[in-house]
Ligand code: ARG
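Shown here is one chain on its own, the form predicted alone, set out as structure tokens.
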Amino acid sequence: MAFTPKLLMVDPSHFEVSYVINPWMKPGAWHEDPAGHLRQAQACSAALHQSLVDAGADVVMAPGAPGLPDMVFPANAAVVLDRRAIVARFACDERRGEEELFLKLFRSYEARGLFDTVVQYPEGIFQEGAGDALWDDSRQQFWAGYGQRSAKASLQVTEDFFNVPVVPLELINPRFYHLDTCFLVLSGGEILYYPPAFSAEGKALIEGLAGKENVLEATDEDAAAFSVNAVNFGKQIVMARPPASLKARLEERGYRVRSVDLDPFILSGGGAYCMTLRLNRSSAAAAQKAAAE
């Protein structure tokens, strides 16, 4: 790695599962023991934090807010590349209150010099952050999900803002409402993805651009465990507890898999990737420019 990955997490003190905006959300299960689940969520968040630090990341913690439990999933807050950030527009009413707080947070980062430019997607064009825009360092492009939470119109906005290619992937299964729930870009150029989440055109596009030798198909078990929703940098992968077969497949390719119990967050439809946002992701062109200056 050229530099230490800086990852944003959000304090889970206000986390709960209190509404349903995706098929995974189980408020009934949460409310059987809300205090116990919150304690478990805080412990699991701390374990994820420690696992990321142990893997070599610098983790920045931001506060959450009452009534906005899904702030613990900052992957949806913005798309970030080359010291530029474009803040999300949420499709669901339940999450729209997050926009103002995340915009304020990113403006504070801009004021401190972490970002050069911070804007927001145009009003009415829904786009839910890095959860639907996964940067592929090997191919120097974004893979962008649309059709569930993010609008197809957001793809051109993303491409124009960052001036890099954006590859559209239509999501056809409501259980996989963000691209990060069913698609993982690995540092070695491999793509781990769950085929039933995609249209035939999308699957063909993935295989065509990545090459069949680089495509790893996730199983039903892998997807249900939220193991595809993982954080990767270098040869380190941090994920919700994976099935043994997936762990073995990844280790065969030279990756170090770090398993974390994220069960309370899976009750809300989120895993390790959802719970983080890479703040210092850089394209090759920007890195070359910086080196020349």
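What you see is a predicted model, and the numbers here were worked out from it, not measured in a lab. Numbering starts at 1 and follows the sequence shown.
This protein has a second form, the form predicted in complex with the ligand, left out of what is shown; the following refers to that one.
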Arg89 near the ligand in the predicted complex, any heavy atom under 4.5 Å? no
Considering non-hydrogen atoms and a 4.5 Å limit, does the ligand approach Ala78 in the predicted complex? no
In the predicted complex, does Gln127 come within 4.5 Å of the ligand, counting heavy atoms only? no
May I ask you to check whether Ser18 falls inside a 4.5 Å heavy atom distance of the ligand in the predicted complex? no
At 4.5 Å between heavy atoms, only one of the stretches 139-147, 197-205, 180-188, 114-122 reaches the ligand in the predicted complex; which one is it? 180-188
Looking in the predicted complex, is the ligand within 4.5 angstroms of a heavy atom from every one of Met25, Ser268 and Cys274? yes
With the ligand taken in the predicted complex, which residues across 44-75 come within 4.5 angstroms through any non-hydrogen atom? Asp70, Phe73, Ala75
